[in-house]
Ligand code: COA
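Next comes just one chain, in structure tokens: the form predicted alone.
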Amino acid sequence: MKPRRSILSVPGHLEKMHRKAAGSAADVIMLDLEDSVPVEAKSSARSQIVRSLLNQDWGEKVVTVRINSLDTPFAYRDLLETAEAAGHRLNAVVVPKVDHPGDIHFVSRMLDGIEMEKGITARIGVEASIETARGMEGVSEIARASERLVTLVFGIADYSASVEARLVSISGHGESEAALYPGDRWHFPLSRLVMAAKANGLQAIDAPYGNFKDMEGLRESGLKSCALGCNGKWAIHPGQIDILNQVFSPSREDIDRAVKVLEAFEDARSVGRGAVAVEGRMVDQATVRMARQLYEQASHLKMV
């Protein structure tokens, strides 16, 4: 699966922003039909997204479309119109506010029919955004709902509202947390989402950081979610992309450490030993798996 270190959300009705996004360093461009598009522009945004999917040069980027939530009158048309007209240029559909595996079943079956009708041979993926207490409670079942699933995404603002958490910042997206709670108040739900994702071979994506002028806050937020096992984070501004790409990429020190572990393990295996000491520390199969994962990521990013 291609890296999803940085996912840049772009309003679906603003074509100028699509062109700028295509030239950015983001791994993923998410053309949005939900929160960033006013109700009166929903229909025109679908048409604009189709034009951008068909006519814009996206290079090697992953391109996704976030539809409206399934409890609105917009979602089925979002899915139908974008996938029918440009599904062959679409990597995945992002489904917001997923509360039940049935939400994913619906989207997946719709895509089955569209792909058959339009002769689309590359399967369109599905990304499930978990944004409510109900969705988080059933996240493991949701993660197993379809072979189309590629990621689980944490939606921090709507999740906060669903559990009636305190609003401590203007955006509600992860800033000013230390002023209210002595630890990380989203540690448990994010860890639970990561566990469900990785148990089912999916990537885990963290919510955006709302203050796009606070780069140190963004870095700290990204480092925390990376440490928990997240593969990337949504961005709401192009200025956030470089930091996210850096945070969710292995450092030179990380790569050198992984190489040292892998070489020591290979040497040990050649003489029939299953574990080995490196610099006075034990290296076993679990350590080797982590080192191999990191090295493979670095290889994919052409860092080795």
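Position 1 is the first residue in the sequence shown; the rest follow in order. Computed from a predicted model, the values in this text were never measured in an experiment.
There is another form of this protein, the form predicted in complex with coenzyme A, and it is not shown here; the text below is about that form.
Contact check for residue 76: every heavy atom lies farther than 4.5 Å from coenzyme A in the predicted complex. Although the partner is absent here, residue 258 is not a contact residue: none of its heavy atoms lies within 4.5 angstroms of coenzyme A in the predicted complex. Coenzyme A in the predicted complex comes within 4.5 Å of no heavy atom belonging to residue 250. The closest non-hydrogen atom of residue 212 lies within 4.5 Å of coenzyme A in the predicted complex.
Just one of 243, 276, 50, 236 comes within 4.5 Å of coenzyme A in the predicted complex, counting any heavy atom, and that one is 236.
Contact annotation for the candidate site: 11, 66 and 208 all lie close to coenzyme A in the predicted complex (heavy atom within 4.5 Å).
Contacts of stretch 1-36 with coenzyme A in the predicted complex, defined by any heavy atom lying within 4.5 Å, are made by 8, 9, 10, 11, 16, 17, 20, 21, 32, 36, listed in sequence order.
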